[in-house]
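First, one chain by itself in structure tokens, the form predicted alone.
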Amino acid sequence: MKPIIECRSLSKKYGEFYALNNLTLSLGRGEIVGLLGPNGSGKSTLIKLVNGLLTPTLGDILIDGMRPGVESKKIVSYLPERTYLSGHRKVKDLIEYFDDFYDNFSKERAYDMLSHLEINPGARLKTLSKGTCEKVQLILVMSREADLYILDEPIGGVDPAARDYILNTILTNYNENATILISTHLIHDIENVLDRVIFIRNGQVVMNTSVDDIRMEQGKSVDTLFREVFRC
């Protein structure tokens, strides 16, 4: 089976600065993976390359064997760190829009999650709190039957009481052959749902290992190891 993400000597350069520098990475299917690193490490650049929002300076990136583009976007569901949805749109209108745009979108799943989070489908986004808007955006992303979910800070703007539900939503709304890539600074809050972690620094992978190996071989939590590696 093809890796869902494969990066071969991938580099992205801005002027004289390399955001990614000869990065090589392969991710299989059926795992929840934490993409972790300090600010400026290259996480956002990698995410944008996966989503076809940037083009590599050197090297290759493949999504299920395809270069990022129209076909790869059909199987990738992306939650950006900042909302891109119009505040004037009603939640139910956004659901209709996603349903029309994506063949793999489930309206039933979306409305079920709205109900559990007690979000009014008739509300306009501009009337909702920042945290509730982020929940709506996550619902739209997780209501797709995608092969790859990319979540950039999915719990950064929500209250702690909602985090458990959101993490459970992530766990229960993707199929076993899909991969979820989560970029976050809230490592302690998500490490219990992770199968694998990738530590990235200065545009290069410094660690790619399973969470079980970290706990069994090093006797540490992911959060503790992260702080040691990056001296937080």
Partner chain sequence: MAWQLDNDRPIYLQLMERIQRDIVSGRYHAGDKLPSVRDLALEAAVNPNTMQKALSELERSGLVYSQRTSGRFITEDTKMLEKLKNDLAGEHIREFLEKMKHLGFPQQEIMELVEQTLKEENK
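Numbering follows the first chain given and starts at 1. All figures in this text were calculated on a predicted structure; none of them were measured in a lab.
In what follows, reference is made to the form predicted together with the partner chain, a form of this protein that is not presented.
Partner contacts here mean any heavy atom within 4.5 Å of the partner chain in the predicted complex, and among 35-43, 186-194, 199-207, 58-66 they occur only in 186-194. Although the partner is absent from this view, Ser26 stays clear of the partner chain in the predicted complex, with no non-hydrogen atom inside 4.5 angstroms. Asn21 falls outside the set of residues with a heavy atom inside 4.5 Å of the partner chain in the predicted complex. Interface residue remark: Leu10 is not counted as part of the site for the partner chain in the predicted complex, having no heavy atom within 4.5 Å.
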